[in-house]
Ligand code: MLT
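The chain below stands alone and is given as structure tokens, in the form predicted alone.
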Amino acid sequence: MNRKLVEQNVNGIRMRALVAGSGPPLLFVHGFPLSHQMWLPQIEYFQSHYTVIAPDLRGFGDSDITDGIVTMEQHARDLNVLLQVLKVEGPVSYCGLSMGGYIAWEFWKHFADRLHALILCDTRADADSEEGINNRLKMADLVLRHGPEAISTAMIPKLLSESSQQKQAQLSENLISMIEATSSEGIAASQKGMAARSDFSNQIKNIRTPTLFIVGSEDCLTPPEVMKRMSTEVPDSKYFEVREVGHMAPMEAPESVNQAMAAFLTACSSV
């Protein structure tokens, strides 16, 4: 199977992405503070029918770091340029988890004509509360002072359900490895960007792109009721809840998530 890691100059940084397979473009946008590796089960599954593009966002994985603050709009603009330099023509199906969902709203706002379909995993459309903003800024400061090791283990109960932690120990290890491989500056820059992100909760009713919401039933960060409410607001969208998994549904239950995504994308293509 044709699979390669590519490096491209994107908006003043070197951005790395995994590109695999052939067919309609399918873009996977990872969560915080991870890398494209969180999507490996999806890449393996979809590369036989799609051109899968899974980048490391600015400040994560093997892409270059920007100090200060990296906004969700900056990430969206990076993705748009990446698609241009990869010569991806026509609209893409965009799949984002958590922070990848925050970036999806900005991508839709600025590049709606580039979207064929939206798949939003374990995310939300509203901005942070004052408490949420303060917690993000505290984490950014903690990581800059003590490194990603200061947060890696503590994040696991928020990312994985109890069942996943008990039955799939390798998931915790993989997530900790990804987090600890991320630069402190990259983590802090996007954490500040998420704290400053726009509130899209009153705008998503205007989305006309076919949309699928996927959420883990045990997700404590973006609970099912949050995702279900969004699905009622986005016209004609679909909703899929995965039992006994948490915030990392695509990693915790890849077979169920992949099948739901595949059925949705097939339906989008037949319209």
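Here the structure is a predicted model, which means the values were calculated and not measured. All residue numbers refer to positions in the sequence shown, first residue = 1.
Here the subject shifts to the form predicted in complex with this ligand, a form of this protein not shown in this document.
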* **4.5 angstroms heavy atom contact with this ligand in the model of the complex for Y94** => no
* To do: Please run the contact check for R136 against this ligand in the model of the complex: heavy atoms, 4.5 angstroms, yes or no?
  => yes
* **Exercise: L175 in contact with this ligand in the model of the complex, heavy atom 4.5 Å** => no
* Asked: Does any heavy atom of G31 come within 4.5 Å of a heavy atom of this ligand in the model of the complex?
  -> yes
* Using heavy atoms only and a 4.5 Å cut-off, decide whether all three of M99, Y102 and H247 touch this ligand in the model of the complex. => yes
* To do: Note which of V143, L82, A117, M194 lies within 4.5 Å of this ligand in the model of the complex, where distance is taken over heavy atoms; exactly one does.
  => M194
* Asked: If you check I65, V226, L40, L221 against this ligand in the model of the complex, which one has a heavy atom within 4.5 Å?
  -> L221
* **Per-stretch contact check against this ligand in the model of the complex, the hit in 45 to 53, 202 to 210, 31 to 39, 236 to 244 (non-hydrogen atom, 4.5 angstroms)** => 31 to 39
